[in-house]
Structure formats: structure tokens, C-alpha cells
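Below you'll find only one chain, the form predicted alone, shown as C-alpha cells.
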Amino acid sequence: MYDPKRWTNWCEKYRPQRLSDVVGNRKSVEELKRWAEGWREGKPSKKGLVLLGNPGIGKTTSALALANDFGWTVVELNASDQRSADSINRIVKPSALNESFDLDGNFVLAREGKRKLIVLDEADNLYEGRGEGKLGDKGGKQAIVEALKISQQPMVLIANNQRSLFKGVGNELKKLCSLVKFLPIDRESQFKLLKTVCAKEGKRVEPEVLWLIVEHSSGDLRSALNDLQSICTGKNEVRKTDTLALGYRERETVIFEGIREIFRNPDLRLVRKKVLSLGEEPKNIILWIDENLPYEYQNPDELSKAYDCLAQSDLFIGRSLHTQQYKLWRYAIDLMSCGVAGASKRPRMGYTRYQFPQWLIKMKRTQRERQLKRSIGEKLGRLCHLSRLSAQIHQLPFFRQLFKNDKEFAQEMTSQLNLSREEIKLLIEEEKEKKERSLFDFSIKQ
């Protein structure tokens, strides 16, 4: 019988304690280990290390497992802690300068290889100047930079957004830190782990349920474990029908209601209010409007005016992403909502069946393929002394043909580039139809 007092979060219960147990991102884990070896030998390549990637893919877990493998104590600050300049100067700087104690409380010297690992989670959310009273992270980024410059202890910064981390004062972090990127966890590894957890917990879960959880996680292993625990709580056997309890938001229904307001409500204030209430970024909303606009606006003049507003909205979205000036979103939202709504003066009746954006569907289908191409492009770029983008555009097509037709070349490159099984499969399989592929060639630039 389920006892809430005995409830333990499975993410913490099954968190890997050693680097060898971390799921996925083997290359990134090896880079992390090499950096730590440099500290143990007293010759670190960089004082700090940035672990970059999406949430839930093992960045913090890898840092803590590293400390456990090397016998280092951990000083950790996360988003729930106050991380202003004063707090960092009070906590991080003394930790970065002073010697350490082992887990038994004994004093140990850094020259003997015993160190403290300073871990700063969500480092990209630190602020440089403005804070929010005493609870803000005012001056936190500058304080971290100063701490890294004088640090005698290894420091790991964990971040989701590279641009946010390195902007402004954070640009100095590029000189002080090495960068290790973590990728979303592949589906097979997630499925294997979920299956193992079910066995250890004594839960009988249909494989279809596990694959559904993996699909919804988008590479976020923490999310997958939380979803698995959610549907297994109070049950020993889980079937596909039980996945309704996951509570995934009916995203299409919510957005359809929003775009219906744009196309049919004459009150522009209510239109704007509805769009703002969707909780979606403008770059996502504009795709839904663009897909369904021709189904509502049949008059060429109205359609032209509406698309002109969408084009101007898209310009503001692009500028906001490029300059990080998100106040420009208000203009983008006004143009895509009120601008499109005002392009037509005719009342609209009847039922229109709205469609999910085809661009999102096709990008989802090709997501893994594009990730693999990026990975091969990076490896090929390092070999040819080119950028990832240049290697992917100009070298990869010829490399692929050689790889498919020359067995000795394929064997040599597999070893030299350390190609994974999925990357090899992508290189040797038949290319997709040119018509479908050409639609998404531009996506490699993103």
C-alpha cells in the first residue's frame, strides 16, 4: 500500500554516484574527467569548467559524480540560494582559496590531490547589475569572474543558455573556463534506464508506456523519471491507458482557442489579452498563425495585409533573439495579434478546422538526424580545421559518398573520428528524397 511518508524521489534515489554510471554523453563525461585529472596533477588547463546543455540531461549529476570519484568535497550553490556578490564573496571565495576537509572531517592539503569542487548551478541566470532587493543575484556574475581569477580550487558552472552566460561581464568566463556541451539523452538509453528502474521498484510497465514517456521527455531524463514515478505511484502494474494521468497540457486546444480569437474577435484588446495568456513565446505563436491564416482569410487583399503584419512581427522576433532585448516582443505580439486581426473587417462564421504547423512536425521528425549531422560536422571540422558549419555544408556530402563506397576509408574514419553507431548508420543509409531534404537544409545553420 502506498505510504506518502516513505515516498522518495526516483531522480535522487537512482542518481549515479560515479561517472561510469552516468547515462549518455560519454564524450562529455570524459572531457570532464580529463579536466579534473589536470587539477589532480596540479596543472589544470583552465580553472573553471562550464557544463552547457538542456535541463535534465546529467550536467549536475556528472559534476557531483566527479567529486565522488576523485574524493573531493562539494560546495554547491543553486538557484534556491541567494547568489548576490556579497553571498558569493562570503561563501565561494573562501572555498576557492582555502584548503579542504575530507568526508571524515580531517584536514587535507591540495598538494596531496584533495580538493573542493565548487559547483554553481544555473549560472546563466546570474545578474550583473540590477537585482531584486536582497533576494536578487545582484553582481553575482562579476563576483564569480573574480573568484575564478584567484581560485585555487576547481569550479564548475552549470548553464542552459550559452548566450546568457557569456554576455556582458560573463564574456571573461570564456578565458577562464573550458566549455563542455551535454546533449539530450538518446531514446534507447532512456528506455533501458526506465526499464531497469521498473525492475528494481517491482513495477510491471508495458514497453509502450516506457516509449511514450521517452518520446514526451525530448531527451530530458529527469522529466522521464518523474513521469514514470507519477504514473507508477500506488500501482504495481501500469498499462497504456494509465498515461492519461501524466497530465500533459492540451497544447493544441489552448493555442487553437487563441488563434480563433485573432481571426474572429473584433475587440483588439481582448485579442491581445488572449494571446498573452497563452504562455507561449512569440516565435511559436507566429507559426500557428502562419499555418492557419489561409484557411480563414480568403480575400487576397486581407491575406496580403495579414502576412505583411506577420513579416514585420517576425523581424521584431529576430531582433529580440539577436540583441537579447526581449522588450521587442511586445511589438511582435501586437503585430501578430492585433495587426492580423485588423487586416480583415468581415465577420467570420462557421467552423474552421485548424492545423498543427507542418514546419514543427517535419522539424520534429528530423530532429535526431539533424543532431547527428551536427555531431559529425563538428568532428569533421576538427579534422579538416574548419568550422562545424563549413564542414557540414561543404565537406559532409563528399565525405558521405566516400564513406558509403570505400570500406577501408570508412573503417579508418570510424576509428579516427570516434563515430557512434547512429552516426555510422546515418552515413551509410540511403539519402532521403531531395524534395523533402531541401526544405530543411537551412536548419543546419540554427
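Position 1 is the first residue in the sequence shown; the rest follow in order. Not measured: the values here are computed from a predicted model.
From this point on, the text means the form predicted together with a small molecule, which you will not see here.
No member of the trio P266, A341 and S344 reaches the small molecule in the predicted bound form with any non-hydrogen atom inside 4.5 Å. The small molecule is not shown here, and in the predicted bound form it never comes within 4.5 Å of any heavy atom of A36. When the small molecule is considered in the predicted bound form, L427 lies well away from it, no heavy atom lying within 4.5 Å. When the small molecule is considered in the predicted bound form, T414 lies well away from it, no heavy atom lying within 4.5 Å. Residue contact with the small molecule in the predicted bound form: G56 places a heavy atom within 4.5 Å of it.
Checked against the small molecule in the predicted bound form, the candidates L225, V214, C177, L120 yield a single residue with a heavy atom inside 4.5 Å, and that residue is L225. Among I262, L221, L77, A147, the residue placing a heavy atom within 4.5 Å of the small molecule in the predicted bound form is L221. Residues with any non-hydrogen atom within 4.5 angstroms of the small molecule in the predicted bound form fall in just one of 41-49, 59-67, 388-396, 414-422: 59-67.
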